[in-house]
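The chain below stands alone and is given as structure tokens, in the form predicted alone.
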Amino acid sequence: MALKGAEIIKRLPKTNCKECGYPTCFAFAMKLATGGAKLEDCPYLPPEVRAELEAAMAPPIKLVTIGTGDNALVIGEEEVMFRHEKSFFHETGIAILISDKESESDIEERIKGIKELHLERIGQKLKINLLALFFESGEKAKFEALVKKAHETTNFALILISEDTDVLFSGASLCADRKPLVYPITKENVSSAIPKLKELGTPAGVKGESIEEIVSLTSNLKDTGVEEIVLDPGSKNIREAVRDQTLIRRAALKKGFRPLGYPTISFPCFMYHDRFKEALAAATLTTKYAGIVVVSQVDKHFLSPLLVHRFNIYSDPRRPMTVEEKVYEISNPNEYSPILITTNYALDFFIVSGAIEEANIPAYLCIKDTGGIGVMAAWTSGKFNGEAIADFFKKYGVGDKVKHRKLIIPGVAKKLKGELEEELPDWEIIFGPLEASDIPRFLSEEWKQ
């Protein structure tokens, strides 16, 4: 648990020297408690006190990095149980299971499908994060071939899965430069695994048959200098998984219990053979509270909803999703194309722009910055009234883009029409439909007519 300023001040030298940049040691302690200052800012802090404070102020859940470069997955360091308290920061990594038992052509097809799966939502690119390479064939050479293929032909972060410790670290040595997660480290193999983990510098995926067993394993690993750990409590179904994930999260955040202060991994792919149950488990564990979920499906109809669900969970609930203010050109409009306007609330933009595309009529879509709130709330607050829209038209030269003078406004904004007729006297203000789903019909019939 985070230290409070009153607890930190007890450990400071209390010289009030001001060399830290603050008028008193108490002010410095308050800033430390809120993350606004650093321990090294105090020149008179004894090394042993600094070490004690660093340990006490460390995040309750350890930050773990799997992979390297732009494709590295960073998980952990979450601070709350519920996202309405504060945003979740490091989104759940989605990994696709690939078995060395599959044929070479099937493996290539799976990797190709994973590479090609890219979605965009509100300007953000959604994608798969990891490949989970599974030693299932019983042949060491096949697993090593799979690791080499994934290492040489993709940039994904990697998880290596093998109950055979020799095979596990043989594979890890082939891709150690990519910092793979090696799994499972258990009570049976932990002693032989520790030297290899330290030598290769790879994160350890710890698996226990109970929470108590995980505590013993993490304590052992930490005592020997292995810091980056991911936990698997061995849950066998959704009910057990939600229970275990919640217990681990609460122990770390509410009790400050360091042996469980690590991100977690879960395996819906091993829990269920039914693809719909697997999808349900993956979505559930993305919400509560897996750092990584491993699934077996490559089908975009399975993965796309999961990627969007993850995006929604890890967006900040305190801040509306917005898009950039500007005039968007949809389907290469010309000087005779219609002009529509709405707010920069992301949902407004995507619904309206999608409806315009569906109508297959090129158009200009004016997006006015309203701070991410919808039409009626924005009109009430003065961010989407006649004056604001007239200023927008001048700023972006909307009138220069077309030869006509017709503006289509949201059908719900009844009072906006009169304001715009005063501010833009040369323009004909046209009510669009009340429902965005009617925009294709409206444009096809009314505009063409």
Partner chain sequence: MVKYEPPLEKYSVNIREAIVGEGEKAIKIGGENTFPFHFFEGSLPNPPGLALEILDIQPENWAQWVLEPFQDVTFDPVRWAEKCVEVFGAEILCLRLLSTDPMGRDTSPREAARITKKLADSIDVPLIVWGTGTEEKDSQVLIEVARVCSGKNLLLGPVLKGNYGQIAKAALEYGHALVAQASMDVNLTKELNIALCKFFPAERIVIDTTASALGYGLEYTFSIIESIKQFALMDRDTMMQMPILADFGGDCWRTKEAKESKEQGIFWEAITGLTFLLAGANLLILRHPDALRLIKEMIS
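Residue numbers count along the first chain shown, from 1. All of these numbers come straight from a predicted model, not from anything done at the bench. What we label the rigid core is the largest C-alpha set whose atoms superpose within 1.5 Å from one form to the other.
One more form of this protein exists, namely the form predicted in complex with the partner chain; it is left out here, but the text below deals with it.
Among residues of the shown chain, residue 257 is one whose heavy atoms approach the partner chain to within 4.5 Å in the predicted complex.
Although the partner is absent here, residue 281 sits close enough that one of its heavy atoms falls within 4.5 Å of the partner chain in the predicted complex. Contact annotation for residue 272: at least one heavy atom lies within 4.5 Å of the partner chain in the predicted complex. The partner chain is not drawn, but in the predicted complex it has no heavy atom within 4.5 Å of residue 428. The candidate site formed by 18, 156 and 179 is entirely out of contact with the partner chain in the predicted complex, as no residue has a non-hydrogen atom within 4.5 angstroms of it. Exactly one of the stretches 239 to 247, 139 to 147, 169 to 177, 108 to 116 approaches the partner chain in the predicted complex with heavy atoms within 4.5 Å, and it is 239 to 247. Of the residues given (151, 196, 288, 207), 288 alone sits with a heavy atom within 4.5 Å of the partner chain in the predicted complex. Contact annotation: of the candidates 190, 361, 251, 365, the single residue with a non-hydrogen atom within 4.5 angstroms of the partner chain in the predicted complex is 251. In the predicted complex, the residues of 275 to 313 lying within 4.5 Å of the partner chain by at least one heavy atom are, in order, 275, 276, 277, 279, 280, 281, 283, 284, 287, 288, 299, 300, 301, 302, 304, 305, 306, 308, 309, 312, 313. Annotation for residue 186: C-alpha shift under 2 angstroms between the shown form and the other one, rigid core superposed. Comparing the forms between the shown form and the other one on their rigid core, the Cα displacement of residue 350 reaches 2 Å or more. The two forms, fitted on the rigid core, differ between the shown form and the other one by 2 Å or more at the CA of residue 416.
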